[in-house]
Structure formats: C-alpha cells, structure tokens
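Just one chain follows, in the form predicted on its own, and it is written as structure tokens.
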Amino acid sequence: MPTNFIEELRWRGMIHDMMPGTEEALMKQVSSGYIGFDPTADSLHVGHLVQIMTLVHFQRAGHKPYALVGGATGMVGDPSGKSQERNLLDAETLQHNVACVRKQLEAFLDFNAGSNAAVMVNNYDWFEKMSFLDFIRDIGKHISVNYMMAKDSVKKRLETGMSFTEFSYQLVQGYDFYYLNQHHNCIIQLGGSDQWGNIVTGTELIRRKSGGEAYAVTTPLIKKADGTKFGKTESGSVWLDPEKTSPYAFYQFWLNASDTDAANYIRIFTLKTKEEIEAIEAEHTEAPHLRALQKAVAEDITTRVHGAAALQTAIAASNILFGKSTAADLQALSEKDFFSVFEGVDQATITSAEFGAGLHIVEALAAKTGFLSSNGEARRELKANAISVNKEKVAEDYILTTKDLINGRYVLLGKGKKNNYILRVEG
C-alpha cells in the first residue's frame, strides 16, 4: 500500500489547491500521475525543481510518476502566467530539448524502480497522427467556449490579445490528461498553481468523455521573502545545466538565500525528514552566522544536480572568495569557475613575450596592469606585506613564472583582503 503522499506535501508547504477526494483516492491503491514540462530550452532551471520534487515524493510514496515533455504543446505555447505570446520552436530543436530534459530528470527520478519506475512520455507521439478535424470533432465538442473563457489564464490575456493557438492550449493539455488516463491509467495531474485551470480542464474532459474520475493537486508558486522572483539572479535564470550555470554559481544561489527563504527551501527542495529539518533549524538559531540552513540546502541540492565532486569544487571556490584558500585551490579551478568566483574583477592582458621567462612583481602590479598607480606604490604595498599572488602573500623580490598561471593563462593579483586584479597572458 502507498504511504500518504498528500500529507508529505502538506507538512512541507507544497499544496496550493487540491480537488476533493484526492487524498482518499491515492491512499486506496498505487496510482499513476503526471506533471508536464515545457521543453522550450535544452535545460531545466531551478524554477522546475518544485515540480520535479513533487514527482520524487509521488514515487517515494509508492506511486508511478510520469514526466510528460510537451513535444507537441511546445509548438503551441502555454499562455498561463505570460503577458505575451512566446516564440514557437521547430521540431528538431524540440527533440534536442526533450533529450536534454530527460537526462536531467534521471538525476531525481528512478526510471528502473520496477512496478513504479518513472516513465517519460512525449505528447508529440499521440498528437503527431491526429488531424485538426479529428481534434475539434472528438475533443473540442466536449468543452464549451464559455468554460474556456472563464479560466484566469485566458481572462488575463483578453485585453492585450490572444491568438487562437494559445486559446486552444488548455484543450490540448486537457487531452494529454485524457490520453494518459486512458492509456496509462493516470488519475492525477500535478503542477504549479498557475496550471490549475489547464489541469481542471483535463479532469472535466475525462469526466465528460469517458465518465472517469480524475484528480488535481497544485503547488504554490515560490516567492522570495524580499518579493523578488525565485530562480532569478542579476545574470539571469539559474539552470541545472553546468554549462549554463556553473556548479559554483548554482551552489552560491542557495547559499545566499535569506534565513526565511532557506527555511522554506529545505522543506521543498530536499528529502530531509521533519526531524532532521527541525534539528538543523535549531542549530541555525543558535549560531545564525554559520548559516547552517543555507549550507544544508546548498549542499543537498548541488550534490543531487551536479554530484559530490562538483559540490566539493563549489565549496573550494567559495572558500577562495572568502579568503580561506591556497594557490593550489585556485589552480584547481576550471576557467569557468575561476571567472564565476571573480566576476567583474578588472583585467589587463599582456603577451606571452612580455611575460617572458619571468615577470617581476613590481612591474606586474604597475606598468603592465595599472592595478597600482606606480612602481613606488607597488614597493610600499609589498613592504607592508599587503600584496598577494593567487591569494598567497609575496615579497618585493617575487618573480612571476609560468607556474603561477591559472589554467595556463591567468594570475590573480591582490592588495589587502578585498582588492583583486587579473593579469591575462595571451599568445
């Protein structure tokens, strides 16, 4: 028998709306349910993690999760929560995106778990052979225009204009639910609160077309305590793909959460038990400056998405930022991580011929970079033991050589604890 999936979501604060009878239906027997993912990019981002974790809890409760990628609906575009129509993607791009999403979901869901193994489906497979006339005859006749117009996702767009393509989206998504109900016995669709109208259209279609029972649960849309949008930074979305968002930047995103947000995130984005979470919260309350909550969240999610080795690299990079590192730690950074840590730091470029067999530290600080205003200032700072090369203090007679080059190209010059400068050697 399954465990109580709804109760698990409830104590974690992950329920926004739920159809009556849902909890009772899921406790009767092992059931199948699904969440749809829109493959408009070749990576998911942290905004998708709420729904991914919902499927994880569904599977852990003993149920069978279906992850639907909208190869067909991605060609239409969901108007929910959008102020304007999005660009539509071609079939080749969508198929690439679908393959990338599948790989990322495998880090969370068990696709080899026996009877309740996760399954990935693509709605292009059942829409590919369906004609427009078949669709409006067999599906469209069951849902009235009045019913569709009453949905918030439609009403919010009527003033600014809405294409028929977008207007039809809820019918297309409703048919997904009907198809999965008929062919895979899916009795529940899960999603974010902005999807409630689309999901309920699916339950209504199932009821009208086959007389079946279907259910819906939505999760709250996450809002940060300061009112800013979750999952966004100054540089854009926080992606699960390490090429789009480095593991270091990913780790820092969670580490920099406020205390209020971290207390929310640890319930939603980790699998820690209520007792474990309360123990971490107590530890955090005793010494807030140690950021036990933020570290627990950041370490858990970074490990799940990027692996244990990437977590250790991210921690090492974070230590560099806060002055708890050695030259060896810097040398171990990839170029991407190096520039993630020292984003925005001023740079100067010299040729390898200028660098030569060795470059005197005074020349590197002043004439070659302009980091310090003059040779005299450079010597004064060196005598005051204020200058570092790759985070290690150096004396006035120090000569930079190729062994100081990070990734064979960069030297990090420092004055005091906070002033950094990058010397780049090209050619």
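Under this definition, the rigid core comprises the largest set of C-alpha atoms superposing within 1.5 Å between the forms. Only a predicted model underlies this, so the values are computations on that prediction, with no experimental measurement involved. A residue's number is simply how far along the shown sequence it sits, counting from 1.
This protein has a second form, the form predicted in complex with the RNA, left out of what is shown; the following refers to that one.
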Contact check for 48, 209 and 237 against the RNA in the predicted bound form, heavy atom at 4.5 Å: no
Contact residue in the predicted bound form, from 97, 123, 318, 116 (heavy atom within 4.5 Å of the RNA): 318
Position in contact with the RNA when the complex is considered in the predicted bound form, options 399, 386, 27, 41, heavy atoms within 4.5 Å: 386
Which of 50 to 58, 28 to 36, 378 to 386, 63 to 71 lines the interface with the RNA in the predicted bound form (heavy atom within 4.5 Å): 378 to 386
Residue 256: touches the RNA in the predicted bound form, heavy atom cutoff 4.5 angstroms: yes
The RNA contact at residue 284 in the predicted bound form, heavy atom, 4.5 Å: yes
Residue contact check: residue 322 to the RNA in the predicted bound form, 4.5 Å heavy atom: yes
In the predicted bound form, residue 407 touching the RNA (heavy atom, 4.5 Å): no
Partner contacts in the predicted bound form for 278 to 301 (non-hydrogen atom within 4.5 angstroms of the RNA): 284, 288, 289, 291, 294
Exceeds or equals 2 Å, Cα of residue 29 between this form and the one not shown, core fit: no
After fitting the core, residue 415 CA displacement of 2 Å or more between this form and the one not shown: yes
Core fit, then residue 38 C-alpha moves 2 Å or more between this form and the one not shown: no
